[in-house]
Structure formats: structure tokens, C-alpha cells
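There is one chain below, alone, in C-alpha cells, taken in the form predicted on its own.
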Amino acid sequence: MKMTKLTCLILFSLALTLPVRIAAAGDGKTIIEKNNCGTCHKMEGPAAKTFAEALSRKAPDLFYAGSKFQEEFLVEFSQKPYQIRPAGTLYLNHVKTVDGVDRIQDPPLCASRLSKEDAVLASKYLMTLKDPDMKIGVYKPGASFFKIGAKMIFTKSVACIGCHQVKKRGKIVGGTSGSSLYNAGSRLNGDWLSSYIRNPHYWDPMSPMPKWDLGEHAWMQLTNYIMEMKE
């Protein structure tokens, strides 16, 4: 096969950048290990399969972080962590009875604070941790959808708002047992979100989130609706 000058130039460019990309991912893994991220986060599968394992979980699993998150979010969050799950990774671990009333106490916040340079490298490594079986291209950014219908699904049909926080007229409302969703569109990968809400137990067998029986159209409506939630 005769190679054109353009083909040779492209291959030469790839040859130059590939070692850099591999080095970046390797450096990122070293940074994560140095900061003991694996102490709280599970960096290798499988996910917890028993209630005891779920109770011992200190932070979300990261062995499929590249499928779940947007890289920009990982870079920002690893520099300045904030509370995404108001009741912690598993709310049962943070419920205390005060004056005869069960109340959720503030869970601990991630103690790691990476420099911008380290955050970029660590995030590049995390983005390599993907589930090879997740369908790609399911979510279509910017696709039109019936927003009123999607809102009804979110608030009534499956009542996501009962466990997840959203913003309404500038105020945060909703439940606290699940992760907040008011910035989900800036945090999550739309394809992963679509997969998770359809079958949460594929990703986390012990997830308290139920598996709902909705049609394909409803799932895409819900995915689009949540992915429009951005800060």
C-alpha cells in the first residue's frame, strides 16, 4: 500500500504524542496511589455484592470513572472537593437519633486536594478506567425532547426528586439519600447516566435505587432532562 505524505505526517504525529499520553496516564496513577485514593475508593472491580460490603464503602467506586464522569469535572473536583451526596455514600451510615428523631449527619468530605497539574494527570488516568460493555453514543447532546413530559417522569412517575436534590427557582430542593443532580449535566457522561437509570444494579448491585420499567422514549426523555441540569 502506497502511503501519501499526509498519511505519513499523521502517523508521525501519533508516534510523537502516544508516549506522552501513556506517560500522563502512568503519572496520574502514581498520583492517585500517592494520595491513597484507594483507601476510600474502589479502584478495581467488582462492585459490592453484599450488604456488608456496601456498608463498608467509604466513597464511590472509581473503577469505571472514565465511563461515568466528564474529565473537566474530575479536574476541578480533585482540586476542590465538595459534597455531592448530602447523606454520604450510604445514608444509613450517617443516620443518628437526636431527641427521638432520626437525622442525617454531615458526612466527611474528601480530604485530598490536588494541585492543578496533579489534578490534570490524575483525571487523565481516571478517564482510562472504563466499562468496555457500556453503549456509546446513546445520549445525543442538544437533542430536542418534551421537557414537560420529562419533568413529570422525574417528579411523578419515578419520583427521582424524592432522593435527589435539584434546583427550583434558585433554591436546592429534593431528597438527600441520593447524589445531587443540579449539576449532573456538567459532571456525568450522558451515556453512563442513560445506562445507570435504566439498570442501576448493573453498575452497583447493592444500589438502593430501584429499576423502573419504562419505555425507550421515556428513558431518553429522562436522560435529556437530567443532562440539562448544569451550574
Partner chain sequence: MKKRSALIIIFTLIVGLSGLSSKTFAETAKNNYRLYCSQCHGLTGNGEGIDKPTMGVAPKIHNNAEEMIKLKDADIYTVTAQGGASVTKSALMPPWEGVMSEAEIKDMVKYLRELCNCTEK
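Owing to the predicted nature of the structure, the values given are computational and were not obtained by experimental measurement. Positions refer to the first chain, counted from 1.
We do not show the form predicted together with the partner chain, though everything after this point is about it.
- Proximity of W219 to the partner chain in the model of the complex: non-hydrogen atoms within 4.5 Å are absent; the residue sits far from the partner.
- The closest heavy atom approach of G185 to the partner chain in the model of the complex falls outside 4.5 Å.
- Though the partner is left out of this view, D102 does reach within 4.5 Å of the partner chain in the model of the complex, counting heavy atoms only.
- Contact check for S144: no non-hydrogen atom falls within 4.5 Å of the partner chain in the model of the complex.
- The stretch in contact with the partner chain in the model of the complex, judged by heavy atoms within 4.5 Å, is 160-168, chosen from 33-41, 160-168, 62-70, 185-193.
- With the partner omitted here, the residue from K80, K135, K140, K156 that has a non-hydrogen atom within 4.5 angstroms of the partner chain in the model of the complex is K156.
- In sequence order, H201, P205, M206, S207, P208, M209, P210, K211, W212 are the residues of 196-212 having a heavy atom within 4.5 Å of the partner chain in the model of the complex; the partner itself is omitted from this view.
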